[in-house]
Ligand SMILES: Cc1cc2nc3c(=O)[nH]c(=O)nc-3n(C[C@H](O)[C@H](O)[C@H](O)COP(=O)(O)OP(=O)(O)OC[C@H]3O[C@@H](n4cnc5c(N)ncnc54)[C@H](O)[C@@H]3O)c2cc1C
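Below you'll find only one chain, the form predicted alone, shown as structure tokens.
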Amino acid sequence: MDLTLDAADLAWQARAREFAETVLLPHELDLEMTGALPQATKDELRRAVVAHGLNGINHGPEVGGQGCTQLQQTLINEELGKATNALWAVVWHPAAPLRQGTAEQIRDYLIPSCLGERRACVAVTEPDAGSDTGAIRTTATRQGDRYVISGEKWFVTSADVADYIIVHAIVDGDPHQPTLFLVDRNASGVIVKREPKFTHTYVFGHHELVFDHVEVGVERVLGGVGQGLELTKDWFVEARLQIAANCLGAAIRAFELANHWASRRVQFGAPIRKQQAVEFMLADMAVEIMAAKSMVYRVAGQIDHGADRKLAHAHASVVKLHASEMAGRVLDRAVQIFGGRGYMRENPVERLSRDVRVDRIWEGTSEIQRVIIGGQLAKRGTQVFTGWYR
């Protein structure tokens, strides 16, 4: 069994590390203290992503992407995850369902998105529908060669910088017909209800959008009527692996900072790492990170080797659950080791501690991941999680 990273893997890792350290990290404090970056800075960051060849890493070169393997994407997202304030989000990953688009949709949406000429946001969650997608009430009513979309969506991340929206709606009010639609951000009837403020400082916004009788042509159906839930599940595999990798990066940065501080900070005549209470916290952080990294890399590698779709979905839930909860524990210890300094916003561990909290919620809460895992256990047995897969 060869667990080494090859030259191409290491090159992608180094490229992402250099980008994070030289492009993203310099903007952390400005973003934290002001709450937003100027549009000119966002435009500069978008150009930097392309210049560094990090655009569309999850799509093939034939559509303008980089053709990275799932493991390479994991290595990249781990490095980017070390940046606070979700600055990793400036590196866009066009949604996986776009691969199922028509030739015209790929030309007009996927390729420009990979190249950085367009950007999407995804609208699924509603005031009364989150984990329970069966409760979605946004409708798309067929009227001749048009659909009329009406409803309200919450937590539409990056809606402020997107120029089109992938909307999850129910066709003709039939809950068995969940469908994705491509809606231009400036279409008549797309209304920003508000932009709530959240625990973390985020480089982009999370809008609440109202769709007030928004008309789109039948050619804006993505992947076929009734395919919305299945396409969203496939997207969740990528999204959950990305979150797991980002969590790894956040935990590693916090661990390294805490370890360095524990060697420098002297109390009672000795570095605080000499105190067993601190030493044990550092040891636990090391174990948790090593275990999570092994798990995330393994699942990414399995997907690259053609893992069964349902198996990949189950394992993505495992790594998302474990990595997000691991990051919370590691960040809590890092803040504790820094003491009062760990509670100052100028300290990366304080910002990261707020950043990673949402990772236990979005793209499926920890509780939903446990439901998925439990369901797979009931259907397929323990071997799904205790076996070894190439």
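Residue numbers here begin at 1 and follow the sequence given. What you see is a predicted model, and the numbers here were worked out from it, not measured in a lab.
We do not show the form predicted in complex with the ligand, though everything after this point is about it.
- Heavy atoms within 4.5 Å of the ligand in the model of the complex are found in one stretch of 120-128, 173-181, 69-77, 265-273, which is 120-128.
- Taken together, the three residues Thr157, Ile361 and Val371 all come within 4.5 Å of the ligand in the model of the complex, as judged by their closest heavy atom.
- When the ligand is considered in the model of the complex, Thr365 lines it closely, a heavy atom lying within 4.5 Å.
- At the 4.5 Å threshold, heavy atoms of His206 reach the ligand in the model of the complex.
- Mapping the unseen interface onto this chain, Arg137 falls outside it, with no heavy atom inside 4.5 Å of the ligand in the model of the complex.
- Although the partner is absent from this view, Arg298 stays clear of the ligand in the model of the complex, with no non-hydrogen atom inside 4.5 angstroms.
- Site annotation in the model of the complex: the residue of Arg146, Arg99, Lys310, His200 reaching within 4.5 Å of the ligand with a heavy atom is His200.
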